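A lone chain, given as structure tokens: the form predicted on its own.
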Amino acid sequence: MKKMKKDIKNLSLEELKRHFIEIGEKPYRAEEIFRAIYKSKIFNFYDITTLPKTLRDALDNQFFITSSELISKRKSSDSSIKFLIKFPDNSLVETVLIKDTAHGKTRNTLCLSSQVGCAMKCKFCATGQMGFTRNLTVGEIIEQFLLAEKIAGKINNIVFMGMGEPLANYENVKKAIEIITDNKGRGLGKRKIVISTSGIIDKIYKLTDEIKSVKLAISLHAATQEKRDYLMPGLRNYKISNLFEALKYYNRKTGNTITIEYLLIKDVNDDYKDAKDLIKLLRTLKFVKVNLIHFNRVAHIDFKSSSREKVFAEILKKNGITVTIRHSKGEEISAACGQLATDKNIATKFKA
């Protein structure tokens, strides 16, 4: 029976060093491989010419560096790029590169997926309508990053805001961050990473204690339990009161500002009372800002975008809340917030 190869990207630098010691090799070889994969973007062991051929043979016999297939790459008029990636078990995920240009400089932000599908069932989100298939491995999370960086150039920031709930795949997301930020490899700064969660409370406490430099965004979308349970039925067991206790802990322990993501939906969560309920919640936090999000159309979802974005924002500002209105990018290629889905019945491409 043919031996199955393992994904070398599932291994941290220390784990790779231990592997080399076990097979009688010098541990510094691990650093050579880390540099080759994460800095030089070499995806074939035989192209790592600093390694002796016998070691390249051994590595190629036991491991692989990449296994995915790029199915498509679509670019929107605002320069956003959506990658559709297929893994060997035929699982599909979407990854989005967002380009921002200011003062003559371009900043690339990569929106990473952490799961195939999602179990949260949020009524406004295409991924939530797909259901949940499986968690992505450490290597599969990293592979999205490497692929995007090799094709589109240096990534400046990462947001775990793609398909799936990252804190439901906490250990793999945490390890992927540790590998991507390792200074012996790619060395991306942890403060350049945002984890966006719908509110998995126990994992917010773990994140605070274990990877506190990473920034936190909360997909809230409603300030009352009744409305949040309606919009986000997969989170009925996670009470808002308990969520905000966890956020207070994060504020206190890290000193970081929490971003509250709030999707404005016409006649659902966009009136004056909704704004006042939100203000009451936010006043319990020390460092917080609000990101108001434009609702992006999704097939088979009847919600409509609100015309009250500026009015809602002004109410928050007058009450001392820092607020921005996010200008969606990539909507024409179904790459904007809430539009990621690999089910063709859900991921309908809308024309402006």
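Heads up: residue numbers just count along the shown sequence, starting at 1. Because the structure is a prediction, the values reported are computed rather than measured.
Only in words, not in the display: the form predicted in complex with a small molecule, which the text now covers.
Quiz item: the small molecule isn't shown here, but in the predicted complex which of 148, 204, 125, 136 has a heavy atom within 4.5 Å of it?
Solution: So the residue touching the small molecule in the predicted complex, by this definition, is 125.
Practice problem: Identify, from the list 80, 219, 269, 169, the residue with a heavy atom within 4.5 Å of the small molecule in the predicted complex. | Solution: Exactly one listed residue reaches within 4.5 Å, namely 219.
Quiz item: Can you pick the stretch from 72-80, 251-259, 117-125, 181-189 whose heavy atoms fall within 4.5 Å of the small molecule in the predicted complex?
Solution: Looking at the other structure, the answer is 117-125.
Quiz item: Using 4.5 Å between non-hydrogen atoms, is residue 97 touching the small molecule in the predicted complex?
Solution: Judged by the heavy-atom cut-off of 4.5 Å, residue 97 is well away from the small molecule in the predicted complex.
Quiz prompt | the small molecule contact at residue 295 in the predicted complex, heavy atom, 4.5 Å | solution = Contact check for residue 295: yes, within 4.5 Å of the small molecule in the predicted complex.
Practice problem: Answer yes if any heavy atom of residue 247 is within 4.5 Å of a heavy atom of the small molecule in the predicted complex; otherwise answer no. | Solution: No, residue 247 is distant from the partner.
Quiz item: Does the small molecule get within 4.5 angstroms of any non-hydrogen atom of residue 198 in the predicted complex?
Solution: Although the small molecule is absent here, residue 198 would touch it in the predicted complex, with heavy atoms inside 4.5 Å.
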